[in-house]
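We begin with a single chain expressed as C-alpha cells, specifically the form predicted alone.
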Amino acid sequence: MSDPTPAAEHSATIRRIGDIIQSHQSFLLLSHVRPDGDAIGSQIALGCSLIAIGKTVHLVNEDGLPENLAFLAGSHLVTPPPVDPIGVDVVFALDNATESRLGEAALKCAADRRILVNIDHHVSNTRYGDVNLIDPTSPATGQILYELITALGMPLPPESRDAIYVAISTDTGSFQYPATTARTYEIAAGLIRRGLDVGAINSKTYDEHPYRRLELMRALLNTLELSADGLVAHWDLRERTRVELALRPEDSEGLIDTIRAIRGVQVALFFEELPGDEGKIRVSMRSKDRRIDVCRIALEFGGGGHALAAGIRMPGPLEAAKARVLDAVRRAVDSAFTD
C-alpha cells in the first residue's frame, strides 16, 4: 500500500483535530512571543469559533496584546500568562515554529494539558505537537485556520471573520508577498461577503500609528547602511533609543519593508537590541530573491521562518551579531549571483 499523499495527510489531520475539538471541553490558545497580526488574529479567530460552540477557551500570549491590534473585536480575550498553570484538556500553539518561542511563562501555564495541537505555516516548524497541522505553502496561519474552521463546519462569528482577514493581510504584506495565492484572494472575498468592512479594518490596521513610530523611523534611518553593490540594506535599533522614545515592541512591526523596497536591494535586515534578555539581539531578514533563502541563513544561528522572511535571536553584542549575520548574508548573495 502506498504512502498517503500530503493532501490526504492534511485532510486526515483536520479530521483528527475535529475529533479533538468535539471530544474535549477546555482549550488554551497560545502564540509566539512578540506577537504580530497573524499570531493574535489566529488566536482570536479560533478562540471565538470555539466559544461559539460552547467550549471553555483561554487566549494567552507571553507578551500580552499588542496595542496596535487592540481594535480587533475579541482582542480583550488575549491576556498575559497567569502565575499558575491553567488546567485545560487541549492546548493549541498557533503561528509558532518552535515550542520555546511560546515563552517560558506561557509554557508554564500550559503544563497541565493533555494534548498539544501545533498549527503553523513556517517551513522551519519542528513539529513539536502531539498533532501537527503544518502547511508551509500557506501565506499565513490565519489562512490555515479559515480552511480548518470551514472544513469542520464550525461557526465563523464576526470576531473570527475580522481576525482571519487581519491575520492574512498582515502576513502577506497586504496581499503583496509572493506566497499570496488565488485561494488567499478567494478567502478574502468570502470574508467580505460575510460582512467584513474591508475599508474600515484596513484603516485600523495600516493608518493608525502612534507618533513615536515616526520618531522611530527617523532614528532607524540615521543608522541605515547599504552595501557597496546596493544588494544588502540594514539598520539597527539600540536599547537607548527604545528607552528615549518609550517604544513598545509592536512599534517596529513592518518597518523593515521600507528598506526592503529600496530599488536594487535584494536582502534587508533589521538588528535590534532586546531589553532585559541577557544581551540578546533580534534579527529580522527579508529577501526579494528566492535564490537567497533567508530561512537557511537564520537556521545557521538557531532561527527560522520562510525563504523570503526569517528571524533570529542570538547573543550580542550588536556589532558582533551584525558582523556574523552580514557575513552569512554576503556569502548567500555572492553564491546566488555567481551560480
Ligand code: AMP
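Just so we're clear, the structure is a prediction, and the values are computed from it rather than from any experiment. Counting begins at 1, following the sequence as shown.
Quick note: we don't show the form predicted in complex with the named molecule, though the next part is all about it.
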### Query
Can you pick the stretch from 298-306, 61-69, 41-49, 23-31 whose heavy atoms fall within 4.5 Å of the named molecule in the model of the complex?
298-306
### Task
May I ask you to check whether R242 falls inside a 4.5 Å heavy atom distance of the named molecule in the model of the complex?
no
### Query
Is H122 close to the named molecule in the model of the complex, meaning a heavy atom pair under 4.5 Å apart or at it?
yes
### Query
How about R161: is it within 4.5 Å of the named molecule in the model of the complex, going by heavy atoms?
no
### Message
Just checking whether R260 would be counted as a contact of the named molecule in the model of the complex - the rule being heavy atoms within 4.5 angstroms.
### Response
no
### Task
Enumerate the residues of 310-329 that have a non-hydrogen atom within 4.5 Å of the named molecule in the model of the complex, in sequence order, or give none.
A310, G311, I312, R313
